[in-house]
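In the block that follows, a single chain appears as structure tokens, in the form predicted alone.
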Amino acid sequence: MATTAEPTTAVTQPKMVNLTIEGRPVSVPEGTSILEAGKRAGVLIPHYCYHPALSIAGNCRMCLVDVEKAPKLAPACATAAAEGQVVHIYTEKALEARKGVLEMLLINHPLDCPICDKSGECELQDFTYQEGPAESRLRDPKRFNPVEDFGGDVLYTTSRCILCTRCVRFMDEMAQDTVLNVTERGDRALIGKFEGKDLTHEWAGNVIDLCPVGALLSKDSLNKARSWELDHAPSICTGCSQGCNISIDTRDNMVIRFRPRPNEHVNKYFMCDTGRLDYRWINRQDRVEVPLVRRGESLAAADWDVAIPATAALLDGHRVFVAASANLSNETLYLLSQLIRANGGTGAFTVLTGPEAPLPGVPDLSLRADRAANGDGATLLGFRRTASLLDGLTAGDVLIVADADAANITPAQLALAAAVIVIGTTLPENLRTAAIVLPIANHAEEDGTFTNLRGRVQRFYQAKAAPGMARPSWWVVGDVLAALGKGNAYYLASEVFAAMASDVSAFAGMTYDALGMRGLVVSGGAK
């Protein structure tokens, strides 16, 4: 059986050190910080300026811990774990030090949690409730600074800033575009921009996620929802072939925002602004909500029990041409390839392209030229990439348009087909002559997998309900195959994936459980 394990190279095993954190023994590689060792022990040490992808600043002093036999409190982010260390996080001395840090941060921090977009997911809020002062000793008015537009999608609320400098370090180290700085000093310090510069870098929106408080906010999602009103689902960005891991945040069955989700093999902790802001199409209101079957000169609504047999009758005995979207899941593309295998024919797809935009500080992370999530998966499953979507359609074929961009399909091309079947989320104007329209869910409304440009197969999960009677795309195609007598109906995406893994060598040995939240590389390894 072909292997699906991660590509490996011979490496020397690091020396391990053993220590105790809050009574929990833990073993970590030499050089690991106490803060990261705490995570391994299941203990979160409070911190603000530290981020695993950025350089150590050690300026917030929030991660002070008590190390036995050490003369003073140590910053956990900048202190390496050592053999035999015994670390205490909640001694009276450590708690008093962190309480003092929180009191200082709150001196001029506005009490505007009820109107702050970060409320409910703010680390200053969390740690203040956890171990901050019960009330303020300050009776003087708080300092006020106006909100500043930092360019791009970013607003800077100066009064809320705690000067952790994560944003400055991200732009310097990851984006390698020196835009931000710490302006002034002492109690007048704030984050400023260099003259003539803005946060218009393709990856600048990540400073919003990095900000531990409500100082850097997204203009796009400003005042749209409170954090506790949002549901979250792990997913994959369809903006390009990189396959960045994201969280889809929804409210009342509407997508409110995309946020990056960590995956050290793909996107580390980041996502580009093109992908971040490309979600409105998921909420479009012109969706096909019921199956449509042609009755004379018009399309009429029908039940699935009518539409599926009608589709099978049109396909029976005919060669098929499948014009597929490169944003369909592996599961759906596999079943479409089975339909091609059963009836004869071919399948093709096109991919929109655009300029690449790398994140210089992270190797192999970029907004890719291919603006589709699953072009590589489509190729593995036998579909042909082409510049002209219907190149290869022959007279008498049954044309299946599977959620592909139909903007350039002409009436003359449609006239070649014996019949046109649309399996899609919407019905474009130029496809209203179709014989049958089967409504499907988009990737935010179903489970499935994509294969990125490095051959990594990754899962995405349903984040919202599909409208009306629309069904998952793999379910619809599976039912059509079953109606043709070419297979069994599928009720779970994992069942389709299992069938694909047993049939297509590139996916051999993979299962949904094995993919987990990080994915696996197809047989043959990463490209």
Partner chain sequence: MTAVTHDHDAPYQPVFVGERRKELDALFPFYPTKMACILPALWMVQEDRGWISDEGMAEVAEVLELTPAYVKGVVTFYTMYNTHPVGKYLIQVCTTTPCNICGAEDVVGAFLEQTGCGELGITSADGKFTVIEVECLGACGFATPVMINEGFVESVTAARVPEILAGLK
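Positions refer to the first chain, counted from 1. Worth saying up front: this structure is predicted, and the values here are computed from it rather than measured.
Separately, the form predicted together with its partner chain exists; it is not shown, and the next lines address it.
Only one of 173 to 181, 412 to 420, 435 to 443, 313 to 321 lies within 4.5 Å of its partner chain in the predicted complex by heavy atoms, and it is 173 to 181. Contact with its partner chain in the predicted complex, defined as a heavy atom within 4.5 Å, holds for exactly one of Arg259, His265, Lys193, Arg169, namely Lys193.
Lys197 is the sole member of Arg454, Lys197, Arg294, Lys118 with a non-hydrogen atom within 4.5 Å of its partner chain in the predicted complex.
In the predicted complex, Arg280 stays away from its partner chain, with no heavy atom inside 4.5 Å.
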